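What follows is one chain in structure tokens, specifically the form predicted alone.
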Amino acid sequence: MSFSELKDRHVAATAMVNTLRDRLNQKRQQLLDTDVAGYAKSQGRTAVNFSSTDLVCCRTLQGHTGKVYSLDWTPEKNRIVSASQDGRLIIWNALTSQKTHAIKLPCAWVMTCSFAPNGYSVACGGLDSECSIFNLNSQVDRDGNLPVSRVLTGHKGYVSSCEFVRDQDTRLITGSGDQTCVLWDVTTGQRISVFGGEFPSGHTSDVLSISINSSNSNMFVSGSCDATARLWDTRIASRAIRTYHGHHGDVNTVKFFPDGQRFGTGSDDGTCRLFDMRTGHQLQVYSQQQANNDQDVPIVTSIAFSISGRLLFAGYSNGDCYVWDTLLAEIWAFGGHRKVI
């Protein structure tokens, strides 16, 4: 078969895939008679109202000298770990704003960090394709630095995200630019399961974010540059349970809804979306109204839900943070940051 024939077959196959995708989207739209906001408004629900004193800056944590790429809270919500490209992890007392640890990293190009459920260990990863574990109770070395207690190696691309399994201090899940997620045994440093990669149901581009279900720690969701989010079961590594479509750009961030039955996403297309884990349907789109073209829409870089799930906090590339009413898809904005959140 000649090169031109192969090219023609590739073009035809691509057109067929696009046609099938369009038909699938049309079928999904037929099944969705309304969205969350439409139903809530039909039931007479009213939006959450904020006064100027409802959302204020409680504390500003100062100490990093480079871009802060990631942070995480302890389960008790009294301490924070932050990762910066100044080459340090800093552990903060969230109540006093004081630094309790400043950990020098073997690689300054860190992208993610996570607290262990017991609050005694932290993990971080980045462009060195490794995930480093630090025990906060370890003795410092002669230079006053906290030594690395374990290095998890095996990824073939940068480590974009990491998260400890909530009810197991010895389990950690990472997402990587090598298109895979990995479940690790922190005690031994060995890989337990690999999600994606050679499996056809895996991501076809870099994994950018993961989120573990707080109600069922066997389930986690991942977001990728392939514009999809995928649901995984740690007991079944051979395939994704479900793939969620809808975004038109990289899925930069994913986060489970507090009840564990839904999850949110944020994307380069400037939208946040709410998906139902069980049906696979998109429940709601949270998008800003822009007077200009789509190129002026800021990218969604991070999201977080309130404890009740009624509010969705979204950070954007223009330095703003928007608060969405998840029920009515109405927005309230506030600023404060000068650069990308």
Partner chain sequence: MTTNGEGAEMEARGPPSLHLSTRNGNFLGKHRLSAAISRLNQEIQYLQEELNELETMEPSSAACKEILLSTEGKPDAFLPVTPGPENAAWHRWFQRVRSPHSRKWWTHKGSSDIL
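These figures come from a predicted structure and were not determined experimentally. Numbering follows the first chain given and starts at 1.
There is another form of the same protein, the form predicted together with its partner chain; it is not shown, and what comes next is about it.
- The three marked residues, Val48, Leu55 and Phe313, each reach its partner chain in the model of the complex, with a heavy atom inside 4.5 Å.
- Ser308 belongs to the set of residues with a heavy atom inside 4.5 Å of its partner chain in the model of the complex.
- The closest heavy atom approach of Tyr39 to its partner chain in the model of the complex falls within 4.5 Å.
- In the model of the complex, its partner chain sits within 4.5 Å of a heavy atom belonging to Arg59.
- Put simply, Arg171 is far from its partner chain in the model of the complex: not one heavy atom of it is within 4.5 Å.
- Here the chain stands alone, but in the model of the complex its contact with its partner chain, taken as any heavy atom within 4.5 Å, falls in 73-81 among 151-159, 73-81, 124-132, 137-145.
- Of the listed positions (Glu163, Asp178, Asp268, Asp226), a single one reaches within 4.5 angstroms of its partner chain by any non-hydrogen atom in the model of the complex, namely Asp226.
- When its partner chain is considered in the model of the complex, only one residue from Thr204, Asn118, Asn218, Gln190 comes within 4.5 Å through any heavy atom, namely Thr204.
- Using a 4.5 Å cut-off on any heavy atom, the residues of 11-27 that reach its partner chain in the model of the complex are, in sequence order, Ala13, Thr14, Met16, Val17, Asn18, Leu20, Arg21, Arg23, Leu24, Asn25, Lys27.
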